[in-house]
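Look below for two forms of one protein chain, each set out as structure tokens: first structure 1, then structure 2.
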Structure 1
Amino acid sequence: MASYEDVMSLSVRRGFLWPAVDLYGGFAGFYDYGHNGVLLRRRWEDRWIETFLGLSDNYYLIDTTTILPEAALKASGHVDHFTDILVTCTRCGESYRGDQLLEAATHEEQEGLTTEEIDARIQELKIRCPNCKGVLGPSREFHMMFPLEVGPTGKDRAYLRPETAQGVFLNFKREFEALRRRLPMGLAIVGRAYRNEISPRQGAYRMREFIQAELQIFFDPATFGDAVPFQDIASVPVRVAWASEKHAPTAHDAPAKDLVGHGLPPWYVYHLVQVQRFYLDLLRIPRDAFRFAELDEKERAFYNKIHFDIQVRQESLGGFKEVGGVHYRTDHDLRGHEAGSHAKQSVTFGTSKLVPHVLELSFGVDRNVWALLDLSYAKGERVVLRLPVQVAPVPVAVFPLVNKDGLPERAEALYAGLRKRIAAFYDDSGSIGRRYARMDEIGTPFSVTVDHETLEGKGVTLRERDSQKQIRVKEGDLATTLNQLLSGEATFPA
């Protein structure tokens, strides 16, 4: 079981991520990635792109501005509705999110409450300021977007984007025409978004600057069900907790067809299954540590008709935590931009003219990175980061057994040839045991050691991280063997 301190200590020590600007005492809600963190994050992003853009030949990656004018965010509803509830201490002036105060006291999620309900619950539970035990003042709505003044006079009001999705919606018509007017059409962005969180907490879980990976799928609700092969996944068990069950510390399996019987559209359930496969099969998340949690009408975002959070159980954060979501946004966004811009967003598809609906697959990249660090952390006689091979920042390390007898030169030559085909790392500092330990702590799944038998033409030692087992592999077979192990085509001999 990994504590928050365990994971953060490893993260800082081995160059994954840490609080930003710590030279000046830190900058709340902002984090920097180190050299291994960037590699882990980008490998996760690459797997995400391969998986979800791979669902259709009409899904594409785009990139858009991170600064949006007020008019666009007024049309999307963010100017009027993108708020959290702020509670301030009357004695010390410290500010808190109302739902977080209640969650800390009840150990249950407290989403979707009004200011009046927050105030009543604070009084009922006799909650005082966590900082000074002072009396908490009345709650109020707090706007979460970062405002900007654009231009030399600052008269053009704008905001840092609160989500990547709006960039997709603003470019929908251009892409629809460029992609030959086909539906369903998917547009994805992997990029930064910004929210002025009242009280950022739990490290990378709640940040003010963060990275999202989002796919917006535009579709005709009359025909989308026919476009997905639901029959292929109808019997697949899905880990789900309905809105009335999500406070429980677990979930249950329900066949996909039963979720349809519960009122969810088949195309929605089909995408739940694809998301679940990404986590269970590719990222190797334990089944009992994964679930979809339904949000009811009171809890879900103002633009969603159906909303299930993607949750992963993380001991460092105290249980199941949201790492993404599957959202049916209907035609809310395009309708809003049509009204705000006075530019028609309807398209002709087949014999129909319609404003497409949107299914959003949304993932917090930083949250997923932290979840991988949490679930992969193992501590016994040694600390090991059991990362899946597909996302490990350094897949292979190469060592000379000792720094003499021509072994470093032979190891460097092997490394130079290997890195042309595989991302590899060379290390000759310290004892072989310490080098193994360093690689274990950053999650490197395989290590290659050049020893005296190598000089005799007997191959190299290949070590597997989790079991610490070793086999000998001919130098000429090494690259092929490693590629098979890293791709999943082969498993390490027992």
Structure 2
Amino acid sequence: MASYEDVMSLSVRRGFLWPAVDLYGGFAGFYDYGHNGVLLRRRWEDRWIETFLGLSDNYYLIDTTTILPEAALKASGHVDHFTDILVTCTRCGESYRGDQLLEAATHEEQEGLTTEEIDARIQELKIRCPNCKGVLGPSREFHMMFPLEVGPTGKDRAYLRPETAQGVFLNFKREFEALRRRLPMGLAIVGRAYRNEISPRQGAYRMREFIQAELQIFFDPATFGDAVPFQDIASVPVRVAWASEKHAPTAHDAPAKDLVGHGLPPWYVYHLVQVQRFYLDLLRIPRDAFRFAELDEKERAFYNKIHFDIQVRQESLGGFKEVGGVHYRTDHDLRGHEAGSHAKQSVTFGTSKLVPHVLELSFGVDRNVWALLDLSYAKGERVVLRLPVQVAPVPVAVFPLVNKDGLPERAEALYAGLRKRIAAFYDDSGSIGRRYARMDEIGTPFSVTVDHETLEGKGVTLRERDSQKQIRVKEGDLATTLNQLLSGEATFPA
């Protein structure tokens, strides 16, 4: 159980994460990572890449620009759908979205109107503030995307990318050729994206600059179902909350085949299971703190035919919070770019010619890092960060029991040898208990202590963080033992 203050205070104190530019009072919606935060985040990213690119031989990482010209984002729909016209009441100060006000009055879809057009329509329809009947306006544009002026004249309008996915879609044809025209093909990006959130809140949960890890899987909807080994996972229980029960504080288990019975495609459910495995088995998220939450038609984006949020329950954020999503985007994106660029996006695969469909596995990296900090936070007599072994920023610490009798020299020699293979950390300040406590706070799973028996050739002690138990390990076996523990091949006591 960790409050928001608990997690934030530890993050700041121990070099994980803190508000950016706080020297100048801070910068809302922006956070900087410290040395342990970067290590934790990169290990999370490494595990993500291993897990999801590991789903197929034909899934790869690419890297694309963070700035995109207006034309590309026009075609993707972001220029129209990511820009709101806001109208503020002159009396009570409430703000409304102009298109929604007009739609409520006319019952017709209102899209792509300018501020002038919206003001004119409000006057014409005599729309007043729904809250206080005050006079509305004038309206103004609000961009969820950060606009940029590129080039000396600034006439080349561009934006910081609002999602990494577009970089993949823009490179689909190139990679389809380079990867020798095979489907399914997966392209992933781990990188930064930008949204001008109106009200950034709750630490790393809603930021204006954030890191996404997204895998876009391009497939032929006619054959994708046959390409995944659904039978292997048909009876695996999946944690789900349907749209109708999403506000309940829990979820329930349903066998994968029941989800298919509920109308979800087998290939979609197959990927839910893979995502669930990542969270439950690798990241060790408690089962009852994990779920897929279905979004109903109103909540999901217009291009998502099927959309489940990946949610993790976090005490610091007040319950289940979205850390990712599994989105069936159909052929919407490639068709959009085909229309916008006039470059054919259809491909010939086997005997059929098609515009591939897309399944997107999308993750907010910062949100995942925060969730790990939240769930790992254990407060007893002191704070222990029970991070899963495979993402811990510092996997191993080495100490001399006391600073005399040649123990520091012996411990330093051991450390020097160990760090050639393992990211180890050496400390000889304070007492042994204090050093253990320090490592516990940053989630170091294993500590090695050189004591007097070590000098007699009787090995070192190896301590586990969560149990505080110790075993003796021969110095010659130490690196191997640690590697097995850190890779998950062995469990303590090894």
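Because the structure is predicted, anything quoted here is derived from the model rather than measured. Whichever C-alpha set is largest while still superposing within 1.5 Å between the two forms counts as the rigid core. Numbering runs along the sequence of structure 1, starting at 1.
- In this comparison the chain labelled structure 1 is the form predicted alone, and the other chain is not.
- The candidate at the hinge, the spot where one rigid part hands over to the other between structures 1 and 2, is 82 among 35, 82, 299, 185.
- Relative to the larger rigid part, the smaller one has turned by 76° between structures 1 and 2, according to C-alpha superposition.
- Here the two forms are laid over each other by their core, and the C-alpha of residue 86 is off by 6.2 Å between structures 1 and 2.
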